[in-house]
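Only one chain is included here, represented as structure tokens and corresponding to the form predicted alone.
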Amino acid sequence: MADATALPTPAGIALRRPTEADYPGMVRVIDDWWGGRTMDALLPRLWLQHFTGTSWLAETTASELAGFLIGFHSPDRANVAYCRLVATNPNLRGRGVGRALYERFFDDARRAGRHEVRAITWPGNRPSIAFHRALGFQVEVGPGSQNLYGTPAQPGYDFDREDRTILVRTI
């Protein structure tokens, strides 16, 4: 396992654990970073009160928020780590910020004895699906999967109305 500080970091970017004090800045940008979709409800403050030890935040050298990954190690599935949210400032996409956040999360998961990382995304979010596939995630196809927006997904996965593509990566 690599030392997290030795993992590659994009030029001009620093990575650290988030704190509850980061919450206002993260909530302020989340809707914009998701293309104007209302997403702030996906990031209640509790994530920054209870899951900072398994989450990461990226900042520019000017201390501007560059990205974040909120994740946890499943208490019920000893083999699984789960990424709740991953986001990168749209002006910094393509520079490796999201990959660097995930690499730290993968390293944390490996150190905790986890061998699988899971995430979900809306099946119409093609950039998210492409990003995850580029990181080695596979789209899970199982009972009830349908081709939605050009990718396998579970219809009504959340709230019986929100379709989701399930992403899985072995680490």
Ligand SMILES: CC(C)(COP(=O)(O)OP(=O)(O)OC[C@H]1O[C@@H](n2cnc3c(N)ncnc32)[C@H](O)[C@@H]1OP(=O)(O)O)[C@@H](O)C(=O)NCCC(=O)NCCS
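Each residue number is its position in the shown sequence, starting from 1. Here the structure is a predicted model, which means the values were calculated and not measured.
There is another form of the same protein, the form predicted together with the named molecule; it is not shown, and what comes next is about it.
- The named molecule in the predicted complex is not approached by Ala112, whose heavy atoms all lie more than 4.5 angstroms from it.
- The shortest heavy atom separation between Trp34 and the named molecule in the predicted complex is within 4.5 Å.
- Under a 4.5 angstroms non-hydrogen atom cutoff, the named molecule in the predicted complex lacks Val141 among its neighbouring residues.
- Contact annotation: Trp47 falls outside 4.5 Å of the named molecule in the predicted complex, judged by heavy atom distances.
- This chain is displayed alone, yet in the predicted complex one of Thr52, Thr60, Asn125, Ser145 has a heavy atom within 4.5 Å of the named molecule; that residue is Asn125.
- Residues Arg95, Gly96, Val97, Gly98, Arg99, Thr121 are the members of 95 to 124 with a non-hydrogen atom no more than 4.5 angstroms from the named molecule in the predicted complex.
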